[in-house]
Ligand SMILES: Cc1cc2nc3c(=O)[nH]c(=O)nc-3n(C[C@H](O)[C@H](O)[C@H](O)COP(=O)(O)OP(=O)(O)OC[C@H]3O[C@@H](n4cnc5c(N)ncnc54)[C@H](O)[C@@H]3O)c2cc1C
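Below you will find one chain, with nothing else, as structure tokens; this is the form predicted alone, and questions on how it binds or moves follow later.
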């Protein structure tokens, strides 16, 4: 087993102590795997991808499905993120997309991306999931006057090329409808966009999957997978699940230990979140912080923030490159300093919560959905920090692939196929350090 980060980040038996966990009924329990069983499909990973895929397989296609989660249901990144439903799930500019894939394929990608946002919203509506849904758009904010032109260009591109509803705001205009601050020099909005309590959403999906017949087991980490007479033996907690098909849905927490074909394809990047105590009306007024929509500051090392329903302020950023508990605390202190530099009138506001999770970046800089050649192993990963938008939709698309006779999905090529493996994979964190240093210099 290969872990890139310190062992602290892989403590599957421990709760996360996030703000989200303070908002739920902790009596929600699932059993661990305690006996040998047989099934048609085993889904490994209890996040948005795995649960959405399992739900679709069971409800829409009447499949026999077992889902395994290494921690508790709600342990992984699907329940740790900031709850932003953003676009696009790619780490490249639209210009690069046009050059690499062409305009037609790029437009198809953005069409699928909008479908992803709508799919997440529709799941919330269909199953009446109470997950503190808020906002009707996303804002991207210019951190310096020099960024404003690029914001206008992006807004125009979204509108003219992809038919996305956008609106541009000057610094003064955004002061009136959004907020003031030291890094606010205009913004643009795009729809659809919103935010959720990610843990409540996940638990709502899991409940529906269980109702639909999915057998869910938590604290059941997969230690080994063997193939015997055309079937898979999935070994967890010393027990064996015999299955015909396997879905890998572990995303950033995949540990390069189950399938050689999938190893060394993910660069898990730590993302940290801090949340303040509830802010008073006078504190909010001091920065005219009005909006409840999610906001992204578009630095190269971007950070993101939003006001929660109880007037706490959430602030997120890229994390450290160590992964220990101590390094997380140090990073959270730096983020607090950054937040209070951007919003100086909140310099005395206490931080109540801090935690981190892993997002999955790949060499292709777009998600990967598909099936391994010559084997009944299916995968979906690499959402480039846009899992709320992409993962539930991807899980549903993956379910369609599993039950079809086709080897390909009718979705954009951006999503299809595996990325290239990272060269010299043990150096992945070194590559990340270089990238973070470069971005830090550019931002300054």
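None of the values given here were measured: they were computed from a predicted structure. Residue numbers count along the first chain shown, from 1.
Another form exists, predicted together with this ligand; not displayed. Remarks below refer to it.
- This ligand is not shown here, and in the model of the complex it never comes within 4.5 Å of any heavy atom of residue 201.
- Mapping the unseen interface onto this chain, residue 401 falls outside it, with no heavy atom inside 4.5 Å of this ligand in the model of the complex.
- Using a 4.5 Å cutoff between non-hydrogen atoms, residue 369 does not count as a contact of this ligand in the model of the complex.
- Remark: residue 44 counts among the residues lining this ligand in the model of the complex, judged by a heavy atom distance of 4.5 Å or less.
- Shown without its partner, this chain lists 71, 186, 135, 323 as candidates; in the model of the complex, only 71 has a non-hydrogen atom within 4.5 angstroms of this ligand.
- Though this ligand is absent from this view, in the model of the complex it lies within 4.5 Å of a heavy atom of just one residue from 123, 262, 206, 358, which is 358.
- The stretch in contact with this ligand in the model of the complex, judged by heavy atoms within 4.5 Å, is 221-229, chosen from 123-131, 167-175, 221-229, 346-354.
- Contacts with this ligand in the model of the complex, taken as any heavy atom within 4.5 Å, map within 371-388 to 383, 385, 386, 387, 388.
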